[in-house]
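This document starts with one chain, in the form predicted on its own, laid out as structure tokens.
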């Protein structure tokens, strides 16, 4: 995993970055280092400031306060076309009247130091990197959505930027093609070795593709971590609720001992309270896949709870059950693989739940 360290200066560095639009405070004191060769994602809901932050790095927006460095150089007053970055927009901005090769070569039009043959070689190289061998003569208007996305990538990469900025580039694709392009983008980033910064509101996309993720709310970074840490040890309920699905239950906290509504007693370690261990009333979070419904013949683990199935969603390979635990008011979600010979429960069925105290996260 590529990250900025003390031995490797960050390629992107922001210190105390603020951005105002009139009285609207879009970015609120952002501090961030992004390493060379890192696949980094800015994740958050609409309006959280992630696209504004990307545009300030690109030079399309000026910062109101703070410092932005690219490769150690202060970017204040440096226009977008003079920065070591390039951007792939959500709309792709492909010219329909040009061929694929002409679209990819568009960024080279001002390069007086390159003759026609040199430009052609760069176009061929960029098309190969983007998986578009042989597509050069094709008309751009006849391409599929995934092919247009690749053309936009090739056009950005041909200029050999140090940082490639991606503004929700897969949002217009259907689910199957989007999943395919997620893998291809990750492969491409590893191949070219440059820093990718992705803006997305899709949590699964960020988890799949990223070395590190910055989760943003209301112009601030709520948590910055690798995907596993974000998922398993979120700092707050807000982050936990945004990354995947998490069940929350009230708990009484006494040191490292918890009395959890519906589950019973548990002992936790300090790292299970990344935001700090509360005293007295708190909440625990537990992911659906870390809980299981016990069926006849299953071994009984040490920690179990009882409840009733109040709703379910069948997905073929998985079933998601909403189970109302005894003595609680809000159901928890439990995900179960549909194994051969295992029946699917119905609404109203009683269910015995197994859980593991190691999977708990404690919130104040």
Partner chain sequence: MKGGGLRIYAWLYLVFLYAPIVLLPIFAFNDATIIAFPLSGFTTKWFAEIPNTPALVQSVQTSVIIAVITALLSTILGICAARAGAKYRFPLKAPILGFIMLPLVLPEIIVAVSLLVVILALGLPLGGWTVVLGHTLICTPFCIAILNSAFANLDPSLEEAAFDLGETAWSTFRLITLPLVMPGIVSALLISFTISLDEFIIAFFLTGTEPTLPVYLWGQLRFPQKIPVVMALGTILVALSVILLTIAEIFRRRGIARAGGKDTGGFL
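Residue numbers count along the first chain shown, from 1. Just so you know, these numbers come straight off a predicted model, no measurement behind them. Definition used throughout: the rigid core is the maximal C-alpha set that superposes within 1.5 Å between two forms.
Absent from the display: the form predicted together with the partner chain. The rest refers to it.
For a residue to qualify, one of its non-hydrogen atoms must sit within 4.5 Å of the partner chain in the predicted complex; all three of 60, 107 and 159 qualify. Here the chain stands alone, but in the predicted complex its contact with the partner chain, taken as any heavy atom within 4.5 Å, falls in 52 to 60 among 52 to 60, 38 to 46, 320 to 328, 304 to 312.
Within this chain, residue 212 is remote from the site of the partner chain in the predicted complex, having no heavy atom within 4.5 Å.
Contact annotation: residue 261 falls outside 4.5 Å of the partner chain in the predicted complex, judged by heavy atom distances. With a 4.5 Å cutoff on heavy atoms, residue 155 counts as touching the partner chain in the predicted complex. Interface membership of residue 246, defined by any non-hydrogen atom within 4.5 Å of the partner chain in the predicted complex, is ruled out. Proximity to the partner chain in the predicted complex, taken as a non-hydrogen atom within 4.5 angstroms, holds for one residue of 269, 190, 265, 97, which is 97. The listed set 91, 241, 171, 183 contains one residue whose heavy atoms approach the partner chain in the predicted complex to within 4.5 Å, identified as 91.
Comparing the forms between this form and the one not shown on their rigid core, the Cα displacement of residue 98 reaches 2 Å or more.
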